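Before any questions on how it binds or moves, here is one chain, the form predicted on its own, in structure tokens.
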Amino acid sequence: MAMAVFRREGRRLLPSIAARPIAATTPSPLSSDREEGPFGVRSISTQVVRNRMKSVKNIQKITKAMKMVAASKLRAVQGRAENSRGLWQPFTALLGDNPSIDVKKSVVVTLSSDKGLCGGINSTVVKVSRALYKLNAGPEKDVKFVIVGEKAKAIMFRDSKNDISLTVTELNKNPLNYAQVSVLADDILKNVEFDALRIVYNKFHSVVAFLPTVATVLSPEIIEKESEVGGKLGELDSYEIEGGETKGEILQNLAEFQFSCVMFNAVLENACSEMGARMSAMDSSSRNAGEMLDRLTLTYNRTRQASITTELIEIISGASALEAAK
């Protein structure tokens, strides 16, 4: 008897259901994130919120791991960078450091990182390098770039491709040592002609602080010329040259050794700055992920509570309707 009544009711309702037109609709970008609630109210899907919470948790794990890796690498490089400062300081006292010297051929050596996610250290050295180019460029002057690092190479190739003489990447792929950097310095000296080399790098101060620095290395000819005219040099004139070598040969050897020592210190200082900046960036990312996770958790709890409340209201309304029908 009950089945017969159900079939009669089904036949009576079937025409009204079939009479409703089914319009073809284009799926909205929000259709995957939201579901239709009662009376046409759109509500956020708890499944979507759970998926987002899971994604944010995974990102937070990655950023925390990257911070720990950067911290371990920083401890390994920081001591070597501090010890390397004693290599170039005697050369500064002997030959001086005159970044504002006016020469015809200048080479700007820009040190950057091969990887990103390390704050603004790469954009900073690029800005300083471009400023040095504008200061030293002129009608009878030639300024070239030597780029060390993938990030500075990608930025400088956009507008200064014709002024780049040499690019070097993946320098930090192996642990840095003086032999490796001296080979790099020798390649730079063989491939470029210069009166002054200006090395632009980030000097490490602390995990949250680094200072863009410019170190200047003059060619032997310019050093000898400045010495003759009484230019701004260090204590070179207070020493007497003994032995079979001439002053030019000694200055040539000193200039090459000075450049390799300055490059070694600059590479280590820049590596420390990179690791410190990456630690700060990953720490900020981890905190932001935690704040986002808190907001998503609150949204998830509110959405779940709203769905439970809606179901309870429907159950109570149905029970009330059945009691009223009796």
Partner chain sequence: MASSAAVPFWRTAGMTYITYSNICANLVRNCLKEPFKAEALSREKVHFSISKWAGGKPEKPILRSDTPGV
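Numbering follows the first chain given and starts at 1. From a predicted model like this one, the values you see are computed outputs, not experimental measurements.
The same protein also exists as the form predicted together with the partner chain; that form is not shown, yet it is the one meant from here on.
Look at 67-75, 169-177, 204-212, 133-141: in the predicted bound form, residues with non-hydrogen atoms within 4.5 angstroms of the partner chain sit in 169-177. Contact check for Lys151: every heavy atom lies farther than 4.5 Å from the partner chain in the predicted bound form.
At least one heavy atom of Asp187 is located within 4.5 Å of the partner chain in the predicted bound form. Looking at Leu87, you'd find every heavy atom of it more than 4.5 angstroms from the partner chain in the predicted bound form. Taking the partner from the other structure, the partner chain in the predicted bound form has a heavy atom within 4.5 Å of a heavy atom of Ser260. Checked against the partner chain in the predicted bound form, the candidates Asn98, Ser227, Ser123, Ser165 yield a single residue with a heavy atom inside 4.5 Å, and that residue is Ser165. Only one of the listed residues (Asp102, Glu256, Glu221, Glu82) places a non-hydrogen atom within 4.5 angstroms of the partner chain in the predicted bound form, and that residue is Glu256.
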